[in-house]
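Before any questions on how it binds or moves, here is one chain, the form predicted alone, in structure tokens.
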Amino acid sequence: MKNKKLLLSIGVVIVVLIGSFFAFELGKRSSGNAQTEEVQKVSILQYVSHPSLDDIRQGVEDGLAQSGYKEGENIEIGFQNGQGDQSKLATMSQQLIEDSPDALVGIATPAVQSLANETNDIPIMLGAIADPVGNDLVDSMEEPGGNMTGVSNQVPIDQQLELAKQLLPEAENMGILYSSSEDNAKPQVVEAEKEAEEQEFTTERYAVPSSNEIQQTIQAMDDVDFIYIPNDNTMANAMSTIVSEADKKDIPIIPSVDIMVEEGGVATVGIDQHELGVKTGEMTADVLDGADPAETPVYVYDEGKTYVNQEQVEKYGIDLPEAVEEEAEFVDEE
């Protein structure tokens, strides 16, 4: 009897040990699989460094974090910056893609175009792309098709020129300063000319092939009452030069981006660049969670926010309308 009880006890112990072993091994495998599934990769390609695009990049990371994807925990973020040299973008795109990311983010049109040339399979998120349809990146804003979606930074040009009319009621001639090498700027120039006609401004184009020609171009603006700058990366990167030369000739600047107001523009109706990045990050998180880029509409902001540089307003003796003053966010010139 005692031997039977002893054998039974030993059998129970063996069964428990075997069960514990299998449970341990299964737990290890499950834990390993979960860890592999949790850590995803997002690679960001930025065209150039300037405060506007830097704000967007930070916003992308913040948007991912707010959506539950935090670097060092469950996401790995790669980054390359072309520093305005388009010849580097192809190599950088290839390097990012070789790392097998789960999603790519292109900040500015040249960066997205470069990524698009290298892959049709990995989802590409549009960050700060003014005209994704016109640049043949998506089929339509509502149904992008392919492997791209994201956020358009298409600016409200009609609202910007309405603001220019309110702040500069005596102005007649508008000079449009833009880079001839930036594809995203050209459709904005056409739109600006159309909206300028609505506000009874005459327009003249001032296209520059590179930032080296900005100084002499502004010096030649003899009949311009104000300068309008579309959403143009080359111009944004050279804003300090533009402001310096325009101030010498007492020509106020109406730019397209809030950061450019901080750097010496008078005012604009624009999109908060960090907020734009956050939205891009949130949409990237949706794609990581399984959303199909082909069926996810490109996000477009309907209304902009008014930004005013108080120092420039005082410099040019501008009388702010009460309605503008009440709704504007005043920024300090850096």
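This structure is a prediction, so every number in the text was calculated from the model and none was measured. The first residue of the sequence shown is number 1, and the count goes up from there.
Beyond what is shown, the protein has a form predicted in complex with ligand TRP; the following relates to that form.
The candidate stretches are 157-165, 206-214, 125-133, 97-105, and the one lying within 4.5 Å of ligand TRP in the predicted bound form by heavy atoms is 125-133. Mapping the unseen interface onto this chain, H50 counts among the residues with a heavy atom inside 4.5 Å of ligand TRP in the predicted bound form.
Not displayed here, ligand TRP is approached by I56 to within 4.5 Å at the level of heavy atoms in the predicted bound form. Ligand TRP in the predicted bound form is not approached by S93, whose heavy atoms all lie more than 4.5 angstroms from it. A residue is said to contact a partner when one of its heavy atoms sits within 4.5 Å of a partner heavy atom; N233 meets this definition for ligand TRP in the predicted bound form. Candidate site formed by Q46, G84 and S114: none of these residues places a non-hydrogen atom within 4.5 angstroms of ligand TRP in the predicted bound form. With the partner omitted here, the residue from L177, V138, I253, V257 that has a non-hydrogen atom within 4.5 angstroms of ligand TRP in the predicted bound form is V257. Of the residues in 151-174, only N153 comes within 4.5 Å of ligand TRP in the predicted bound form through at least one heavy atom.
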